[in-house]
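In structure tokens, one chain follows: the form predicted on its own.
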């Protein structure tokens, strides 16, 4: 496939202002962009006071109003969107569950969803843990894997996606710890994949402790190069031209990051 323009969109959501947050985020997507990744929970804001509040602001995928706006935008602009949102779902017994999810919307109207596996801090009181593992999806002529925020700390997440054929990791985030931007360089090096991390900025103090989000949205190459990066305070977009075909797993003529694995020696 040919190279494509990817963007990590960095926003500062206003808590509860779903339509406004969606409009402001989409306004930052560059005109020539084929893939745009928006932050975790970019439609609602992050710091829910209770599970009931999370349920009230959550929406079904793909039928909710924010999802419809994302689908319309993807079709109109011929852009694949990945956006973090609170997903409302029902289990087999009809009980409501809410997930911290990332939804992928393609220009042809099709969609996919990933539910966050590794819940951070008070998210454990609000969301059900992801129940679908780490699937990969076709998009933009390649294979895409989705992660959300705290998944970065677990190398098994990115490795699972790489082993399933992902060449590109889309990573919506609401980072408050300082380590992820550097750690994602390692995730890209050890798996020879691209990663687009879209973080938010701003402060929320609605429940318990104040949270300050670090920004620093970035796009990283399979060789650990930071191709584009936002600063730590302002809304914006990190934009780079990437070629998902350039994800050669060969480290030396005799070493391959995936083929050289020895699972029989690991205790996982």
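Residue numbers count along the first chain shown, from 1. Remember, it's a predicted structure, so these values are computed and weren't measured experimentally.
The same protein also exists as the form predicted in complex with another copy of the chain; that form is not shown, yet it is the one meant from here on.
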Tell me which of 119-127, 104-112, 139-147, 86-94 has residues with heavy atoms within 4.5 angstroms of another copy of the chain in the predicted complex? 119-127
Do heavy atoms from each of 60, 77 and 203 fall within 4.5 Å of another copy of the chain in the predicted complex? no
Examine residue 212 and determine whether its closest non-hydrogen atom to another copy of the chain in the predicted complex is within 4.5 angstroms. no
Just checking whether residue 255 would be counted as a contact of another copy of the chain in the predicted complex - the rule being heavy atoms within 4.5 angstroms. yes
Decide whether residue 190 counts as a contact residue for another copy of the chain in the predicted complex under a heavy atom distance cut-off of 4.5 Å. yes
Exercise: residue 159 in contact with another copy of the chain in the predicted complex, heavy atom 4.5 Å: yes
